[in-house]
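Given next, in structure tokens, is a single chain: the form predicted on its own.
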Amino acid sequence: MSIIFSRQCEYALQATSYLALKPAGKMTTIKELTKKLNIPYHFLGKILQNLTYKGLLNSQKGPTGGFSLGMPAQEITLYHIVDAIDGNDFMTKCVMGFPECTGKNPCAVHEKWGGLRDGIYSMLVNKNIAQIAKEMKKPEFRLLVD
């Protein structure tokens, strides 16, 4: 499990990256996603519904149905996915959980976390799903796509 993001967020990032490898508009079944990514079916279903509700995915019911990206992969940043699933609390909350942690009343890691948080934010807004999907096709990542 990630240090910063939830398991749901990790799965959302994996699923959207997988969908970005598919031709635009091609529907991919949840069964294929769960098989290829080894994610529990019902858990992934709820995640994909949330991403659809937020406009990041399209869904279609029926025998030819499934999920596809709701906009071009180049326009979906990692931040869009993280914000849709986990929100952006990591940007404002104390990493140690102190509600009163501020610049005037900092915790022991306040300054260090601020720099790390800014770096994480920069990476999330500057990387899109198309870039991630391209990198995931490298042999060492072994993301299997038909």
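Keep in mind that what you see is a predicted model, and the values were worked out from it rather than measured. Residue numbers here begin at 1 and follow the sequence given.
The next section is about a form of this same protein that is not shown, the form predicted in complex with the DNA.
For the candidate set Pro40, Gly119, Gly103, Gly97, a heavy atom within 4.5 Å of the DNA in the predicted complex is found for exactly one residue, namely Pro40. Note that among 41-49, 103-111, 73-81, 87-95, the stretch whose heavy atoms approach the DNA to within 4.5 Å in the predicted complex is 41-49. In the predicted complex, Leu69 stays away from the DNA, with no heavy atom inside 4.5 Å. Heavy atoms of Pro63 reach within 4.5 Å of the DNA in the predicted complex, making it an interface residue. Under a 4.5 angstroms non-hydrogen atom cutoff, the DNA in the predicted complex has Tyr11 among its neighbouring residues. Of the heavy atoms in Lys31, some are within 4.5 Å of the DNA in the predicted complex.
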